[in-house]
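Consider the single chain below, provided in structure tokens and representing the form predicted on its own.
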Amino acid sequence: MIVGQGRSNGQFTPCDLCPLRQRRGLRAFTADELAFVKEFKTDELRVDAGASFLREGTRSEYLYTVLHGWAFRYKMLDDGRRQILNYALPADMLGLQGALMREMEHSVEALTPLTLCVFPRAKLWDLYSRFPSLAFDITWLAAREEQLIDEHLLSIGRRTSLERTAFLLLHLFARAEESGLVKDNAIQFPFTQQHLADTLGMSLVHTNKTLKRLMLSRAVRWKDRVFEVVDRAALAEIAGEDVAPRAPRPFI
């Protein structure tokens, strides 16, 4: 086990009392689905901020759902340069690539202290064979990851520095809303400007200057890590598009 990880030793949140089930942005389980997920979940894993619990080149024997906290997926070049691919928030699934493919093609690091629901890969076939509705949910989650990568590639390749910064912040804000983390149009983002720079493919200096330009638009405020959307329409216009609210989405 990697330093910074800890198992629950059998003491974990019952699926019946899962706080994610209270989120309006997440779909409800049927009674049969909930009963199966209770069998499927075997443990909870707690990970300290800064610890990488899935590593590129390894195969995962488990799937994880984020119960509490934030994480990010990333790849490293040999000279130490890092590209953050995307972020994982509560209700997002991690480890699917390493469980279904030969090995992980990226690593995952805890951005904050994490609590993860643990599901063994060996039971995945039972889910697909017995519960097509849950199998569709996993397919939906995988397709969503592809969509996020598409948007990220578009930002890196074609959006201007101001557009890509506005889009990323609006995108993360919308996902935080979906997870019930936003209150009064504000959230305390856990990432630093260096994380943003490594996501946007920009230098730290360029990222800082771009954020200052975005603040001058008065569409958002960001002080003491509290990010507030003041004018969503204006932020969406800068980003080039809005991140429209979605119907309740699946999770496992």
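In case it trips you up, residue 1 is the first one in the sequence shown, and so on. Here the structure is a predicted model, which is why all the values come from computation and not from measurement.
The form predicted in complex with another copy of the chain is left out here; the points below concern that form.
Although the partner is absent here, residue 197 sits close enough that one of its heavy atoms falls within 4.5 Å of another copy of the chain in the predicted complex. The shortest heavy atom separation between residue 190 and another copy of the chain in the predicted complex exceeds 4.5 Å.
Although the partner is absent here, residue 45 sits far enough away that none of its heavy atoms falls within 4.5 Å of another copy of the chain in the predicted complex. Of the heavy atoms in residue 240, some are within 4.5 Å of another copy of the chain in the predicted complex. Interface residue among 135, 181, 162, 118 relative to another copy of the chain in the predicted complex, by the heavy atom within 4.5 Å criterion: 135. Taking another copy of the chain as it sits in the predicted complex, the stretch 130-162 comes within 4.5 angstroms of it through a non-hydrogen atom at 132, 133, 135, 136, 138, 139, 140, 142, 143, 144, 145, 146, 147, 149, 150, 151, 152, 153, 154, 156, 157, 158, 159, 160.
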